[in-house]
Every structure is written in structure tokens, then in C-alpha cells.
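Just the one chain here, laid out as C-alpha cells, in the form predicted alone.
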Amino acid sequence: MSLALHSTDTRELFDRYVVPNYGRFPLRLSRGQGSRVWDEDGNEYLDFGAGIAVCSIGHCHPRVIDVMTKQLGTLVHTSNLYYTRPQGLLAKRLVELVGEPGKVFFCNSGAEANEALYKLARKFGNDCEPPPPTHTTGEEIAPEQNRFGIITFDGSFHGRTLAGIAATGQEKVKRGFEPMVEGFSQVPFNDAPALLAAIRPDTAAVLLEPIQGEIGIRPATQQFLKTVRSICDDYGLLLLFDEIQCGLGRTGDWCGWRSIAPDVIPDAVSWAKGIAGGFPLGAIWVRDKSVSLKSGGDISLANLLGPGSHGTTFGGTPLVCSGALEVLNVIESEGLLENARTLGDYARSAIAQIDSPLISEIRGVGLMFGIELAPDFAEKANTGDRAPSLWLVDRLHEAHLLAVPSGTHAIRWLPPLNVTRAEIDEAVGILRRVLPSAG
């Protein structure tokens, strides 16, 4: 059996044995180094997807390999019944990067990190005293009423668990999985009046991505983030940030929201993707602020998820935490926050200079940006029944550049934070060569 499997084509293995829940491109990747990957036939590609913003310092960084190899021979897993130093050190580092007192919970993925935020919001709404009415509410909340509602935004993406798709503001992810988990509602992004109108007596929290990723890189405005913080304060709601794609260096700041509104402080933040450079790790930071319990007394929000309220088997293992610590060390010591800011600006300027009628807009912050395609792209490029975003990504793959589609009319570039100017020029050159054939 093993010999037969070894001789079987990789794609055939997937067709026969892997659940077909992904629309995969026909690339069979086998190796990576830095900003490059190679397929099974030895073809080289410049990787501007980076595992969808996961490989934040590229593939196979030697410092991370060294640290994790040492940890692999020391202690890999113990369960969270015990203390392990790498988890404690990583939690300390993340709290320091936020720059505000708080605590961290570790899990395995972005979807799990957001699940922890939903549970935090419900625990807060169920166990904590509602705020007194303010000049903006006009409605008092009954002390016995539980608050469990979470307001999210159109175009958002918060994962593919049942609660995650209920939170997500895209109908395509919800189809076939009805009924939705109760308690989630969506309003237009960057629309504070719509948010205000959606608040009900049972609302407990507002969850948003400071920069929406899956929809094609759409940043919140500074005024919107400030206003949402003010609304949450007035209504006694938690402000939750999903920084799974935009956090930990991607925007040129450790906290993505600080690239937009540096004075805003959320109540909790979720991270994943780039946190461990390719290894499965998610986390949330919860702010150390006092909340009043219905049962009497006060407690820190950071301690609200107490023993037995939430957990994970694999979250925060010594192996992955040691790797994540080194990823953060590399970002700091190699000056990659500045690199993200500088080369992100340079890349967006270089794309704009292509001056193609097939590109309608370039959006983004740092090294996460979306290239919006013209509404008539399909007609001008003769894409047939292929969505413009998929058609263009296919052409880029043929030219040996990896990119990520977003919806029907946008693509994302999410290169490693240590990408070079020469690699930016190479990617822009490929895009320039591909687009004329679509004109």
C-alpha cells in the first residue's frame, strides 16, 4: 500500500482521499525558502500570499528552525494542566506588545481565537451588571436581563465555525448551514449611525476587523474606530478587534489598529495567522479592566474566563510557543515593522504606476493590500465563466507569482514582512506583463 501511495500523483491522492471543501489551484507545492516556493516539478514561484498572511517571516527562517529543533528535543506537549515556561514568556511578550495590562489565552487557530471572544462577550453579558442608562441610550436595561448580542459588519470574515459564520458579514459562507447561531447581527462597515441604530438591550459587544481582509483589504477609518470606542463606552459594551490577518506586524505596527487610530484601546483582541510563522497557533488578549458582577463584587475582565469556562488541548504548547517567540524576535531584530511600512508604500505606488484601466483601486496598510479590478474586467479580459479575480490569479501563477483572490473582483498581496524591494519590483513587473494581455 505504501509503495502504491508513493507512486500516486499528489492531486490524485487529494481527489481520492481528501474532502473537497477547498477550491484548490492546480499547484503541487513541495518546498519553500524565504519569499519563494517550489512545486514538485522544480518550478519556482515568488510567494505573495505567504499562506494567506501566515508565513510572516517567509518560509523556513533559520532562526525559527534552530529554536524549534531544540524545543522539539526538549518538550513538545504537556497539556494545559501544567505550567510551561514558553507559554508564559509568549503571553508576557504579547501583553507588552499591546502596551496595556491584560492577559492572554492560547488556542490553535483564528476561528478558535474568535470563539474565545464570543464566549468572553457572553460571559460578560450574562455575569456582569449592565451599565446605567446614559444620555445616549434612553433605555434602561433590566438587571435580570442577560446580554448576549454581538454586532459585526458587512464584508467581515471571522472564521468557519458555526458561530464564526454567524458573525461573518458575507452571505456566501452562511448558505447551507442554517439556522444561524443566535445573537449575531451585521451593519454596514465604517457606518457609526448604523451601528448606533442596531444596539439593543441585549447587545453585549461589537466585533470588527480594523482592516477587513477576506473582502479585499478594506481599512476602517480613524474616526470610525474612535466613534465605535465611544459608543461601546456609552453603552457598556465590549469592543473586540479581530486582528487575525492584520495583527502582529502586517501593517507596520504590532497592533494593526494602531496604524489607523493609535489612541483607541479595545477590550480584547484575537490573533492567529502570522503569530507563529506557519505553525498552528491562535491567541486572544483580554484587557485588565474592572467589571462588576451581578453576584456582587468586581473582577478584572482578564479573569472573567475562569477555570472550567474555556479550554483547549493543543493551544500554547511549548513547541509552538517557542517558535512564536522567535518569530516575534525576528520581526523586531530585523526591523520588519519599518520594512512593512516602507515597502508597503513603495509597492502600492509601483502598482499605481502600471496605470492599467483594468485596476480600479489599490487599498491597504503596510504589507497587506488589495488590488480591486475594474467592474468591466471580465468583458475586457474575456475571462469566460471564470471570476475576474480567479482568472487573474491563474495568469499570475502561470507567470510564477502567488497571490490570493478576494471575492470576484479583487486580489490580495500579503508578502512576508521581510520581502525585499527587488522582490516587490519583480512582482509588479509580473503583474504589469500579465495585465496587458487582458486589455
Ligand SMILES: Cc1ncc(COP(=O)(O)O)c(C=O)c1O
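When you see a residue number, it is the position in the sequence shown, counting from 1. These numbers come from a predicted model, not from an experiment.
Omitted from view is the form predicted together with the named molecule, to which the following refers.
Though the named molecule is absent from this view, in the predicted bound form it lies within 4.5 Å of a heavy atom of just one residue from E326, D154, D253, E214, which is E214. Only one of L195, I260, A111, I362 comes within 4.5 Å of the named molecule in the predicted bound form through a heavy atom, and that residue is A111.
Stretch 240-248 is the answer when you ask which of 83-91, 121-129, 240-248, 333-341 has residues with heavy atoms within 4.5 Å of the named molecule in the predicted bound form. When contacts are judged by a 4.5 Å heavy atom cut-off, G102 does not count as touching the named molecule in the predicted bound form. In the predicted bound form, at least one heavy atom of G159 sits within 4.5 Å of the named molecule.
In the predicted bound form, K273 approaches the named molecule with a heavy atom inside 4.5 Å.
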